[in-house]
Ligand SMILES: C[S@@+](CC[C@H](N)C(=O)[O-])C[C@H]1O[C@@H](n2cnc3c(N)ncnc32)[C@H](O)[C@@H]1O
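In structure tokens, the next block holds one chain alone, the form predicted on its own.
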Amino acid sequence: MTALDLLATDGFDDYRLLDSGGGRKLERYGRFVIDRPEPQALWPQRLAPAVWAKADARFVAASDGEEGGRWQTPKPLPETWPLKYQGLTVHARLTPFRHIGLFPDQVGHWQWMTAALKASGIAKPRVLNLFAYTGMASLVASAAGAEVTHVDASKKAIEWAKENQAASHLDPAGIRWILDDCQKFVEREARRGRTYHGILLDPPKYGRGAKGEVWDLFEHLPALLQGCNAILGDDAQFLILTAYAMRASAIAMGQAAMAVIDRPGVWSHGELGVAEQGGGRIVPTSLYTRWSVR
């Protein structure tokens, strides 16, 4: 097992982490400032309460033990607004589960994947994006010249991702959209003998598939990794696994993947995070492990 790494982004033009602390984070998404819960922010806030009070939207979580919550908006916000990253566009939304539709901490993975695809020398590398949600990673891979298969169990998420593809002016044929349970899809791909050059997995801790299939990360991740290993071709280039908000460690995630993806190459394990604007503090967001052929 290698040493753990920290991949922390400073953000980009349309995203900045302005402040954090007291169990919350203050972020700018495009032209709007958002105040959301952040359990990892155990430290005091730096900015004055008056600055936080000017947020355009504040998420108030539901009572203990319940999912979701509600947004407080002093003035009405548009249903969607555009966020730009490297020439790509994502439509931001205030969702019932505090998300905006973009996960800026993934910037390190997007950059690394783009470099891996370009270094592969493969004209049209095949990339599989599992639990793909609103599809920013799919857009990044498509823009880098990959043939992308985007799989998610939510029809609404796929429609949102298609909107993002259109707004980014990418080739409509560059991404194959699949509404399905990720585990079942991977098993069928293995039976078909279809392989991929790169796979991204961003599974939730708990969820349900397109037909109500139950997903439990601790119970089902090992089998999914085995399936992914079966459909990584002999010329495979990478695998990226990310897991959010869970009672595990990067060490456990890395060792689970290494036990199954038994291939020569380079491994990296650690945490993703976002650095505050103008400060040295970092909000950790997720665990990751990734493999590449070089």
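In this text the structure is predicted, and so the values were computed from the model without any measurement. All residue numbers refer to positions in the sequence shown, first residue = 1.
The discussion below concerns the form predicted together with the ligand, not included here.
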Proximity of residue 153 to the ligand in the model of the complex, heavy atoms at 4.5 Å: yes
Please check if residue 194 has a heavy atom lying within 4.5 Å of any heavy atom of the ligand in the model of the complex. no
Residue 98 within 4.5 Å of the ligand in the model of the complex, heavy atoms: no
Any of the heavy atoms of residue 244 lying within 4.5 Å of the ligand in the model of the complex? yes
Could you tell me which of 80 to 88, 120 to 128, 173 to 181, 140 to 148 sits within 4.5 Å of the ligand in the model of the complex, going by non-hydrogen atoms? 173 to 181
I need to confirm a contact call. Of 208, 188, 162, 93, which residue comes within 4.5 Å of the ligand in the model of the complex, counting heavy atoms only? 208
Hey, which residues along 190 to 207 are within 4.5 angstroms of the ligand in the model of the complex, non-hydrogen atoms only? 202, 204, 207
